[in-house]
Ligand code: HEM
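Heads up, the chain below is alone and in the form predicted on its own; it's given as structure tokens.
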Amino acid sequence: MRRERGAVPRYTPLARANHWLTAALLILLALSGLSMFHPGLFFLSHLFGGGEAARAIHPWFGVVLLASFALLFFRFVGDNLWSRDDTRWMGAIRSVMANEEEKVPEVDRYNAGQKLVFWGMTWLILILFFSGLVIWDAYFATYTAIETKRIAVLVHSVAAAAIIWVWIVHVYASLWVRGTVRGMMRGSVTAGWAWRHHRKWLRAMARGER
């Protein structure tokens, strides 16, 4: 496919496929998990063939999610390390919310908010995975006590609620900043978008450093 004139490459096809696979798994986990969370949400289990099927497949979604997110993590962790400019960016969050980005430090590939989402997802997925192992009775029922399982269920539920909230924030922010979704759909962004929202990254791209 020929690149659009004036477009700046942002994501490779593999990176985009990795991102959308991870997103799909998060949605499947949320739906199957919510079906077991409360009787009022049990109807969601029908999406997976019923309650027994949802319970059986839910942890396997989690295993695949961990593998998919691990690839995403190692692909982007270098761009998500915290810097002094990120702290200054957070200090000017009112200007960011008012779309006055000329009043905040120039942003590299990701801004501080995106980095918080990245690290929030990282820790929450790890918490969900290991707490999920404790309550995965099909394979690990004999390895932990009932009291430990009860604690794990609570931790798992709280982490699940938190990651759904982080996911909603991520989606909302992507839609709120026009042009962001294009990057993950087409793999490129406009030069104007890059200059306005990620100027430091665009400068590095122009110098051939990225």
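We number the residues from 1 along the sequence you see. Computed from a prediction, not measured in an experiment: that's the story for all the values here.
The form predicted in complex with this ligand exists for this protein as well; it is not shown, and the discussion that follows is about that form.
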property	result
Touches this ligand in the predicted complex: Thr144 (any heavy atom, 4.5 Å)	no
Touches this ligand in the predicted complex: Ile125 (any heavy atom, 4.5 Å)	yes
Contact test in the predicted complex: Gly62 vs this ligand, heavy atoms, 4.5 Å	yes
is_contact(Trp136, this ligand) in the predicted complex, heavy atom dist at most 4.5 Å	yes
Contact assignment for this ligand in the predicted complex, among Ile164, Met184, Ile151, Leu44, heavy atom within 4.5 Å	Ile164
Those residues of 22-37 which, in the predicted complex, come within 4.5 Å of this ligand by heavy atom	Leu26, Leu29, Ala30, Gly33, Leu34, Met36, Phe37
